[in-house]
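As structure tokens, one chain now follows by itself in the form predicted alone.
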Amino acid sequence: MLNKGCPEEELFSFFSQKKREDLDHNYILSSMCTLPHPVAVRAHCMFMETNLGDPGLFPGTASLEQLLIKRFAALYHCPDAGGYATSGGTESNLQALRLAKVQQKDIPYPNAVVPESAHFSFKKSCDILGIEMRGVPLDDTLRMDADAAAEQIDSNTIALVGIAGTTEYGMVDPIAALAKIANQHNVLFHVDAAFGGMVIPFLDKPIPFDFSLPGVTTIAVDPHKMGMSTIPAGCLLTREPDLLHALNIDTPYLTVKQEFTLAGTRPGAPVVGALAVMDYLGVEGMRAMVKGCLKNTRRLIAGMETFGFERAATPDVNVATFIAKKEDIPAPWKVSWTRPGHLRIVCMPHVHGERIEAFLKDIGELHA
């Protein structure tokens, strides 16, 4: 810490310099986050001092959190669902597994059955909670093999996990089949829809993944991804409204005397930002945005195939993957690579049509 304070202009000149070192979103093709919608930014600024960790001090903000949960509950075909706003998919996934473990605390050596395509947050969560993570191989479409998942379940299994919009390939696991398996074995079934949860409901033909399937227990969704909220904004939804109370601990010096959340201090600003975007755009606006992202995804795939880059998968959501090499990508474009080594591009709202065409133009010139 400085002994003497720094003048404001000098301080923000330094900050501006550092901000310029960040990558330009115009060239970021690798992220599942995007530029926040202007209404999210406006809402965030209005509520930036609020703390949902002590909700009795901010009852208005707390009521908006519950309204956000109600919006997702209705979207996911269970109007009475419960839940809360998390910091994102990692926290939501951790809490879902924590809930499974608490509910079945008599199992000495618990395990969770998880697809090999699962986000790395499940490895962290299982390490923290002392749960054996059993990986399930994918089928030839890069979706979780439901039969193989069923074979992994035994008397020590406390949770089954399916992904609705995988991080690497944009695939939706056979959630309906997995839900039936979870029901048969009476285990918690968690659907990680951190990405797909704000894409799939707005498709022309939505893929079943939510509480409309009887076996689904919990769902994770991240409004700071396709919901265009400010960061961090996630949600964990539970079919039973009071299910999370199994995680309650005493908080005697707060305005509420028990809490089931993971974080203590929880910012209200991005939560209200998420609600602002949902209510501003509505179903029609979200459907139009998703339609645009998928149109850009198809255009990217067609353009890359024209240049001889074979697609690695045909995605369910707006993630495109190709068989390519790192030297095939021109600067300054920022892409990413899957674990098997495929080129991965996420067509987020900021990756609009003009950016796709600019990328394809650069690809074409590099390989002319």
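Treat the numbers as computed from the prediction; the structure is a model and nothing was measured. Quick note: we count residues from 1 along the sequence shown, nothing fancier.
Only in words, not in the display: the form predicted together with a small molecule, which the text now covers.
Residues of just one listed stretch (239-247, 72-80, 90-98, 173-181) have heavy atoms within 4.5 Å of the small molecule in the predicted complex: 90-98. Although the partner is absent here, Thr167 lies within 4.5 Å of the small molecule in the predicted complex, judged by heavy atoms. When the small molecule is considered in the predicted complex, His119 lines it closely, a heavy atom lying within 4.5 Å. Contact annotation for His224: at least one heavy atom lies within 4.5 Å of the small molecule in the predicted complex. Interface membership of Cys33, defined by any non-hydrogen atom within 4.5 Å of the small molecule in the predicted complex, is confirmed. Distance criterion of 4.5 Å from any heavy atom to the small molecule in the predicted complex singles out Ile163 from the list Ile219, Val113, Ile163, Ala85. Interface residue among Val272, Ala159, Ala194, Met228, judged by heavy atoms within 4.5 Å of the small molecule in the predicted complex: Ala194.
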